[in-house]
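A single chain, nothing else alongside it, follows as structure tokens in the form predicted alone.
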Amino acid sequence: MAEQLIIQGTTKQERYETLLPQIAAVVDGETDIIANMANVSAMLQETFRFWWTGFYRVVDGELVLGPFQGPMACTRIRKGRGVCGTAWAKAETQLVPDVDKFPGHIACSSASRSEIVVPIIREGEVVAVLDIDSDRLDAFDETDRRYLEQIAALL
């Protein structure tokens, strides 16, 4: 397994650029999606210390909680509901600077203030989403979107 060499004080982009090849090495050749999701959520959490980092998988027409790092989370989410369900329905990343202003936001934790959700797409279908929450407003930007979409593509 790749050893993380993240240095405190580096820029967000530098941390992503260090992390991306590490994630690629960890998931390369591993066919179990749950194992990969578990490692990726741990690696993202270790690197960035987000409030919540994890995955929801599409199972029987719902998003079902998968591997994550952080406090307890919602277990099931319907398509089109909340930030995760919207990312699934639209098959596109949702970057939300203030979750209180997102129509239909599902408050799994009142501490969550901003969120980014990236769909994981296989053969044209969303099979899961990568969900990251912050306890700070406006915590995510286009740098996060760009690198998290690359990470999602590795899965």
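Since the structure is predicted, the reported quantities are computational estimates derived from the model, not experimental observations. Just count from 1 along the sequence shown to find any residue number.
There is another form of this protein, the form predicted in complex with ligand SME, and it is not shown here; the text below is about that form.
The stretch among 41-49, 23-31, 82-90, 119-127 whose residues place heavy atoms within 4.5 Å of ligand SME in the predicted bound form is 82-90. Although the partner is absent here, V58 sits far enough away that none of its heavy atoms falls within 4.5 Å of ligand SME in the predicted bound form. Of the heavy atoms in I106, some are within 4.5 Å of ligand SME in the predicted bound form. Each of A73, I77 and E115 is positioned with at least one heavy atom within 4.5 Å of ligand SME in the predicted bound form.
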